[in-house]
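Shown here is one chain on its own, the form predicted on its own, set out as structure tokens.
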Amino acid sequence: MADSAPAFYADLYAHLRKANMEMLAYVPDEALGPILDSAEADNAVRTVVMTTEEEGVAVCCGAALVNKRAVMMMQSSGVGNCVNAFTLIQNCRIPFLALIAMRGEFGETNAWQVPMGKNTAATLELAGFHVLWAKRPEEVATIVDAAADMVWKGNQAVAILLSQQLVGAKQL
């Protein structure tokens, strides 16, 4: 973990590992970089880079089918790319955990990010996900623990949305 990264990133990663996360599928994103750095330094976690977000749905579903705990990381703009793929999760009742860095909300200056940012939570809910928001550093660990239990003990689909209040708003 980069020394300049806020402490909540280390807490978030530690709690994913406490829940026995074994794989991290991701589309590169600056806000998720500190988590990826930790995963790449951890020999117990396999990282899988995606070229498109819907590939991550397939990779994580495949991991679940062989009893591996995978997490998918992406930016909120990628949620729209996954709508059709999300039907696999709901129809097959696959446990699924998504970690999503928000764009298009608090402090956003890029107008192209706003429409999907405004619709991310609703899109996920319509796709059958429980949506949990992390807005403050002190709540991250509790949210990750709750989400991991819901996914890997309760066989549910959960998305943790990391607010721009938490990860910081990108400036143009």
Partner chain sequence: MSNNVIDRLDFIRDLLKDAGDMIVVTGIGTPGSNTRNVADRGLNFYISGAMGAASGVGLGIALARPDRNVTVITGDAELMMNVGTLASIAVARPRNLSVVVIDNERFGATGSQISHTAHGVDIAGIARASGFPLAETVREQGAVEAVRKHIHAGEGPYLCVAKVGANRRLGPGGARIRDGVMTKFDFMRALEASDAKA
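Residue numbers count along the first chain shown, from 1. Keep in mind the model is a prediction, meaning the values are calculated, not measured.
As for the form predicted in complex with the partner chain, it is not shown, yet the points below apply to it.
Enquirer: Though only this chain appears here, would A58 touch the partner chain in the predicted complex if you measure heavy atom gaps against 4.5 Å?
Expert: Yes, A58 is a contact residue.
Enquirer: Taking heavy atoms only, is I160 within 4.5 angstroms of the partner chain in the predicted complex?
Expert: Taking the distances in the predicted complex, the answer for I160 is no, it never comes within 4.5 Å of the partner chain.
Enquirer: Does at least one non-hydrogen atom of D29 fall within 4.5 angstroms of the partner chain in the predicted complex?
Expert: No, D29 sits far enough from the partner chain in the predicted complex that none of its heavy atoms falls within 4.5 Å.
Enquirer: Taking 4.5 angstroms as the cut-off for heavy atoms, does N155 touch the partner chain in the predicted complex?
Expert: Yes - in the predicted complex, heavy atoms of N155 and the partner chain come within 4.5 Å of each other.
Enquirer: Since the partner isn't included here, can you check whether the partner chain sits close to all of R46, L65 and N84 in the predicted complex (heavy atom within 4.5 Å for each)?
Expert: The answer is yes; R46, L65 and N84 each reach the partner chain.
Enquirer: Thinking of the partner chain in the predicted complex, which stretch from 118-126, 105-113, 46-54, 32-40 has heavy atoms inside 4.5 Å of it?
Expert: Result for this chain: 46-54.
Enquirer: Would you give me the residues of 80-111 that have any heavy atom within 4.5 Å of the partner chain in the predicted complex, in order from first to last?
Expert: Those in contact are N84, A85, T87, L88, N91, C92, R93, I94.
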